[in-house]
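Given next are two forms of a protein chain, the same chain in both, each as C-alpha cells and marked structure 1 or structure 2.
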Structure 1
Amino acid sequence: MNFWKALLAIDRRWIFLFVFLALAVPMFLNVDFELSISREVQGLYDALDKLQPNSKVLMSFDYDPPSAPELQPMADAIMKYCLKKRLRIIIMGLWPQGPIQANMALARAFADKNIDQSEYVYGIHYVNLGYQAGNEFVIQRMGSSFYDMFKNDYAGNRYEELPLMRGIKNFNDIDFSINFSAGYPGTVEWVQIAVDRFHVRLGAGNTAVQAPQVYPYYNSGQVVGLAGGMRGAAELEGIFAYNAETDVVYKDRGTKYMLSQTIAHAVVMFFIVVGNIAYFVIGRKDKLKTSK
C-alpha cells in the first residue's frame, strides 16, 4: 500500500528528468535500427530513383528553424541523394528562412567525404534562387515565367548569368519538384496551383502536424510521394541507405531523433500505466475500508 502511495506522490520533476534523459542519451549513441518503409515514402524514393542524371529538380524550402528538427533531416538526405545521382538542383523558398535551410542542407551534403564538392559547380549543377514574397501567387507566376519571379539568385547573380537557368522558362522545363513544408504557404498551395494547373510532378516532406492535410493528395495521385514528420525523415534515411550504391552516409539525425522520440514515448507511457494502476489499487483498497 505504501509503495503505491509513494508512486503517486513522486515529484513530477523526476518524471521530467527521465523524459529528458530518454530524449538526450540516444543523441550520443551510434545505434542503428530498421523501420518498415511506408508506401508514401516508397513512392517518393521511386520517383527520385527513376530520374535520369542531369534531370532538373526544383526544391522549395517552405519552413523555418522551429520546424527544422522534422524537415531538415529529410532535406539533408534528399539533397545528398540528388547530388550523388547527378541531378540538377534548383532551390527556392516561399518562406524567408527557407533558402538558408537549403544552404545548410548543401553544406551537410558536401561535408560527406564521399561527395566531392569540387565536382559540383554553382550555377551549373545547382543554384539557390532565394526567397520570393507572394505566397501562392509566386507559384502561379512561375507557371509562365521563372524569370519574372527570380531576376536574381540568392547571391545576387542575374538569372540569365546562371547556365542552369538559361534553358528553364517555366514548370514545363522541370522534371520533378519537391516541397518541404511546415504550413502556409506550402504543399497544399503547390498542389492546388503547380500540380492542378501546370501538371507538375510533386513529392513532399511535411511536419507531422501538416502531413494529415497532405495524405488525401497522395491518395488521389496529386502527390507522388510523401514523408511525414520524424518517422518520415527516418524512413527516408533508411531507404536511401538500403539502396545506396556508394558509401554516402544517409542515416543521420532523422534516425537518431526517431530513436529518441520512441524511447521518450515509451517512458511517458510507462509512467501513465503505473500511475493509473497505483490510482486504482489505492482507490479499491479505500473503498474496501469504508465498506467495513
Structure 2
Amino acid sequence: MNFWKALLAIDRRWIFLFVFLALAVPMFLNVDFELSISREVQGLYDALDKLQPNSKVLMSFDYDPPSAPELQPMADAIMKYCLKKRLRIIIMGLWPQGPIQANMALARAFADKNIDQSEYVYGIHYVNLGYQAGNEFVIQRMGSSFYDMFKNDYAGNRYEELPLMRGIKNFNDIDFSINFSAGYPGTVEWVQIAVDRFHVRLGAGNTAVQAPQVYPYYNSGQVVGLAGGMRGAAELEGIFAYNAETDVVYKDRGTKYMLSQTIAHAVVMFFIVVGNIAYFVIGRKDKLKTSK
C-alpha cells in the first residue's frame, strides 16, 4: 500500500530522469527507418517539385532558437533542396532571430559536400533581406512593394544593388513562398494577408503546437503543404531523400530525433498507466476500508 501511495506522490525528478534517458540514449543509436509520408508533407513536396530552376522562392523565417529543434531540420532540408534545384532564394524574417536561423540553414546546406558553395553567389542566387518589425503589416506592405519594407538587406546592401531583387516588385514576382513559423506573427498571418489578399502560393513548416491551427488552412487549400512538428521534419527529410536524384544528404537531425521522441512518448505513456493503476489500487483499498 505504501508503495502505491509513494508512486502517486513520486518526486517529479524521477520522471525527469526517465524522460532524460529516453531522449538522450537514442541519440547515440543509429537506427534507420522509413517513415510513411502524410498528405500534408506530400503536398509541400509536390509544390516544390513543380518549380522550375531559377524560380523565385520567398522563405520567411518566423521563429527563434527555442523552436529550432523542430523547425531548423525542416529549414535545412528545404534549403538543400532549393539550392540543389537551382531555385533563387529570398530570405526574410518577421521575428528578429529568424534571419540568423536562415543563415544557419544556409551554412548547413553548404556544409554538405555535394553542394558547392562557390557556385552560389550572394545577391544573385540567394539573398537575406533580414528582419523587419511590424508583424502582419510587413506582409501587407510587401503586397505592393518589397522595396518599401526592405530598402537594405541583412548586410546593409541596397535593394537595387542586388541583381536578384531587381526584377522583384511584390508578391506577383514570386513563384512560391514558404513560412517557418513558431507563433505570432506566423503562418496564420501569412495566410490571412498574403494568401487571401495577394494570392500567394504558400507552404508552411510549423511547430507541433501550432500545426493544429494551420490544418484548417491546408484543408481549405489556402496552404498547399504543411510540415508539422518533429514528425513533419522527419517526413520532409524522408521524402527529399527518397526522390532526390543527387547525393545530397537529406536525412539529418529531424530523422534522428524522431527515435528519441518515440521513446520519450512511450515513457510518458508508461508513467500515465502506472499512475492510473496506483490511483485505482488506492481507490479500491479505500473503498474496502470504508465498507468494513
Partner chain sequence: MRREIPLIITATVGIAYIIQYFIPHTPFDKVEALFSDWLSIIAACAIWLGALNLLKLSFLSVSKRKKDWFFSLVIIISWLTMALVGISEGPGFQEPGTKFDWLYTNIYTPLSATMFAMLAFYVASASYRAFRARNFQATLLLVAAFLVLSGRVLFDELIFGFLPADWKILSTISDFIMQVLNTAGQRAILIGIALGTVSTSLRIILGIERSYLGSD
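So that the term is clear: the rigid core is the largest set of C-alpha atoms that superpose within 1.5 Å between two forms. Predicted model, so just to flag it, every value in this text is computed and none were measured. Here, residue number means position along structure 1's sequence, counting from 1.
- Only structure 2 comes from the form predicted together with the partner chain.
- Superposing C-alpha atoms between structures 1 and 2 reveals a rigid-body rotation of the smaller part against the larger of 21 degrees.
- A C-alpha shift of 9.8 Å is found for A9 between structures 1 and 2, based on superposition of the rigid core.
- Taking the rigid core as reference, the CA displacement of N30 between structures 1 and 2 comes to 2.7 Å.
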